[in-house]
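Shown here is one chain on its own, the form predicted on its own, set out as structure tokens.
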């Protein structure tokens, strides 16, 4: 049961982080999780709206693509820079998140901050080696996204603001990538999702990232599957074997959307289709268009 007693709309980051230092304060940007995920808002008495902080940007800073905390899913899905990274894996994840109305309001940083195991964009960000820039009253720190999630609805963020997300550009522009989502309806959250990125040189996979969502307490890095791909050619057989290895790494639960067994079996399907996209082997029906 929500019991919001105060609403704040700061105009400076320092003002925002001072508010967030108090117990019971939570950040909102799009605010789309506020009512639909009340169990993750337990103890929240005050909300801090960050829409006036000027964080709705996507820009280059040296060799990084920086996505501010106010950038919406729609903005990310349609941005040329996001579409150009690893076959647009992040743009695909953002384009398939919920409904068009939600994507117009919900932010990429908010999808990360919620730390939901079924969130669509964290797997895509993880295969791009993204980092989280956190700002608090003690200053700023950078956390690799792989170290950010600690459990369902839990993260390394401590009374801090996600100021931006950063993606390295040196390798991501050269990688192939793919995202695939299995769901009940287009507006529903994932039953299973998967993101992949591959770097292929002279016909050999030299780098492989594969992350599955909604099959473990946090987005699952399928490390055994990644290791199996290294040094191999990106053939259908090798990709299929890796997807089956990834399936065996999952730790799904049963809930109102699907059984653990169904999630485990379909995780191999999602992983294979994401890998096919990353390798450039996907059929047209396996590649999602941006919304």
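Please read these numbers as outputs of a predicted model, since none were measured by experiment. Numbering follows the first chain given and starts at 1.
Quick note: we don't show the form predicted together with a small molecule, though the next part is all about it.
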Output flag, 34, 98 and 161 jointly within 4.5 Å of the small molecule in the model of the complex, heavy atom basis: yes
Heavy atom contact within 4.5 Å of the small molecule in the model of the complex, the stretch among 78-86, 204-212, 102-110, 136-144: 102-110
Contact flag, residue 30 vs the small molecule in the model of the complex, heavy atom cut 4.5 Å: yes
Residue contact check: residue 166 to the small molecule in the model of the complex, 4.5 Å heavy atom: no
The small molecule contact at residue 229 in the model of the complex, heavy atom, 4.5 Å: no
Proximity of residue 156 to the small molecule in the model of the complex, heavy atoms at 4.5 Å: no
Candidate from 175, 119, 192, 220 lying within 4.5 Å of the small molecule in the model of the complex - any heavy atom: 119
The small molecule: the contacting residue among 245, 66, 26, 258 in the model of the complex [heavy atom, 4.5 Å]: 26
